[in-house]
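As structure tokens, one chain now follows by itself in the form predicted alone.
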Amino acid sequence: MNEKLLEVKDLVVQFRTDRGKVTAVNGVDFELYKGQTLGIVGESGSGKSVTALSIMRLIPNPPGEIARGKIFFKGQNLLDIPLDEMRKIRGNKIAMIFQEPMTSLNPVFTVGNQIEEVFALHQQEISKSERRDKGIELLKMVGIPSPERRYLDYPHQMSGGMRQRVMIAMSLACRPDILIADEPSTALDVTIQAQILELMKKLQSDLGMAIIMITHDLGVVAETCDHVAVMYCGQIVEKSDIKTVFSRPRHPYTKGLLESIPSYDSTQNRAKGRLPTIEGMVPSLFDLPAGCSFQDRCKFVTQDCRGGKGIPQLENLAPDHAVSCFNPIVV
């Protein structure tokens, strides 16, 4: 088995608001191994990005706080180390690509200045000219044409796809062990999205790093991930290898997500009819029902789900396949 790089155990993240305290992530557990790509998938507000920011220790406090849990990186609990030590890990050993590159890049500095800043922070021993050479090499690595000229460009002079490539280059500057990609292709058109995902797969193969891919797009998960964790209302409701989840989903929410993916009926040579939907709305985190948070949208709900047995917990139904459900789908 590959080396275990990351282990998240019983992670709970809360935020203080005018309406009181709300739990955005509630008891999340998962592991990540060297060379593996883990997809964290779910609707907006399910806790995906908050989980990623917790790993980086970027939850703003106040109003947020990591109320409980442990985050082990190579056996070291990141929640126990001083912030100065965490800064040495952040961007160096664990890097993150944020959702919107235009807001992540500083508009008043060239992309070259911003790449060199990473080296200045984490590799202070190298000279200014070496930083420039390494930065240009990174732009070349991520497929930016004329990297010497583009190195002097400002973010607004680049397309969305180019800016995303710059963000990937910055995140790879120190050859991290783990790359967290938060919706890395959401704002891009389909062609550029495919190029970015293919680039990330190639760089992962070349550098041997692990990736956490955060997305609401199951097509992206199918294309890039080895394992997947499905989140709903701050909890992981199902996790397994990608083949098992797509072929034998056991949680009704996972099954609903998969059924809502557009497909083409080749046997009839025509597009299929109206897509199935998951009825209802995601409940407010301020007003979660007793028991299972998915109960009001579930076709298989029973009294156990409505609080009779409390909140369902992740349980292994098969090796490497855990589900949080009182009535898992029979396959």
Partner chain sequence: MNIYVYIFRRILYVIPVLLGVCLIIFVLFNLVSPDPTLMMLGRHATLKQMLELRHELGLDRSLPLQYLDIVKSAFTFDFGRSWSTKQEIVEMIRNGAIPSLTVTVPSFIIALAISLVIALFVAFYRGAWYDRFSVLICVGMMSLPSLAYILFGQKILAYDLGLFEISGYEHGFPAFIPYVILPCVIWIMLSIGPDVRFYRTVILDEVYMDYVRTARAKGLSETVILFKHVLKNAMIPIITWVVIQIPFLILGALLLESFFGIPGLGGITLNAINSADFPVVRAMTILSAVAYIIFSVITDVLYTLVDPRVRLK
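Residue numbers count along the first chain shown, from 1. Note that the structure is predicted; figures quoted are calculated from it, not measured.
The protein also exists as the form predicted together with the partner chain; that form is not presented, and the subsequent description refers to it.
Residues within 4.5 angstroms of the partner chain in the model of the complex, judged by any non-hydrogen atom, belong to 108-116 and to none of the other stretches in 195-203, 68-76, 108-116, 136-144.
Contact between R87 and the partner chain in the model of the complex is found at the 4.5 Å heavy atom cutoff.
Among heavy atoms of I261, none comes within 4.5 Å of the partner chain in the model of the complex. Of the heavy atoms in E100, some are within 4.5 Å of the partner chain in the model of the complex. Of the heavy atoms in S104, some are within 4.5 Å of the partner chain in the model of the complex. Here is the short version: of L58, L288, V282, V301, the single residue with a heavy atom within 4.5 Å of the partner chain in the model of the complex is L58. Screening I212, M170, I236, V245 for any heavy atom within 4.5 Å of the partner chain in the model of the complex leaves a single hit, M170. Not one of R150, R175 and G208 comes within 4.5 Å of the partner chain in the model of the complex, counting any heavy atom. Residues of 193-212 placing a heavy atom within 4.5 Å of the partner chain in the model of the complex: none.
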